[in-house]
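Starting off, we have a lone chain in the form predicted alone, written out as structure tokens.
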């Protein structure tokens, strides 16, 4: 049985049970409430998330340059432990890796949100910056997600709680999305607005034919589905946007998703771009978000 999540007051979804904890251990981040979190994170306004630790570090270095913050010769040091995630703090920006897939992203969303609430941070925004498979979009194009659908092309994210299936709304923050699109139109970064399909796996759920198992669908069925998705406004496919949209909607946090396409799925399943091209594609998405932050913080290059 699937239960549609009722419309709620988004700010009411802070967990009242947390007041019963003497110390809240943010286990996967290696931080806890016995630390002076307000002095460490109280000024955070942006949480920028990408899949890998390397991408989190790269974005943090670029953010430091924009903010005029010097980076030590030995590089930036992540905050907390790094077994699962890597978190960098640069001025009012957290650059954070969320791993791959929605379960991994869900865990760090909970912990970084509790972290910022304990720190007393206010008016912060979450932006996922990553890569994706384009749908009718050329490699290198940046897709700014206007909304998110699941693998069935429905605008929900399904979770199971106490044995019951609950469908959560995945709507992103329209004001933040529009701000990103405006910044994109003012820059030389090629960007497309569109729906993002967010799936639970990289292979079958995305209709690929290059996994280890024999697919239960044909090439024709695959192409028919991708064309259907395109006709419904889908412009890229990835694996984290749905949980980010659903979580942030419940938490009352403005959220956006900005992902560069690394291939056009209407042309095939394999990524054929060079390492240098892939780095440039990733940088396109990062620079768009940095342009937004720079404008909102009234910074100049």
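Positions refer to the first chain, counted from 1. None of the values given here were measured: they were computed from a predicted structure.
Below, we turn to the form predicted together with uracil, even though it does not appear here.
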- Query: Would residue 235 count as a contact of uracil in the predicted complex, using a 4.5 angstroms cut-off between non-hydrogen atoms?
  - Reply: no
- Using a 4.5 Å heavy atom cut-off, state whether residue 131 contacts uracil in the predicted complex. yes
- Task: Although uracil is absent from this view, report whether residue 117 comes within 4.5 Å of it in the predicted complex, heavy atoms only.
- Result: no
- Message: Can you work out whether residue 47 and uracil are in contact in the predicted complex, taking contact to mean some heavy atom pair no more than 4.5 Å apart?
- Response: no
- Query: Which single stretch, out of 36-44, 259-267, 65-73, 242-250, brings residue heavy atoms within 4.5 Å of uracil in the predicted complex?
  - Reply: 259-267
- Message: Going by heavy atom distances of 4.5 angstroms or less, which of 89, 208, 125, 84 would be at the interface with uracil in the predicted complex?
- Response: 208
- Item | Residues of stretch 87-120 in contact with uracil in the predicted complex (4.5 Å, non-hydrogen atom) | none
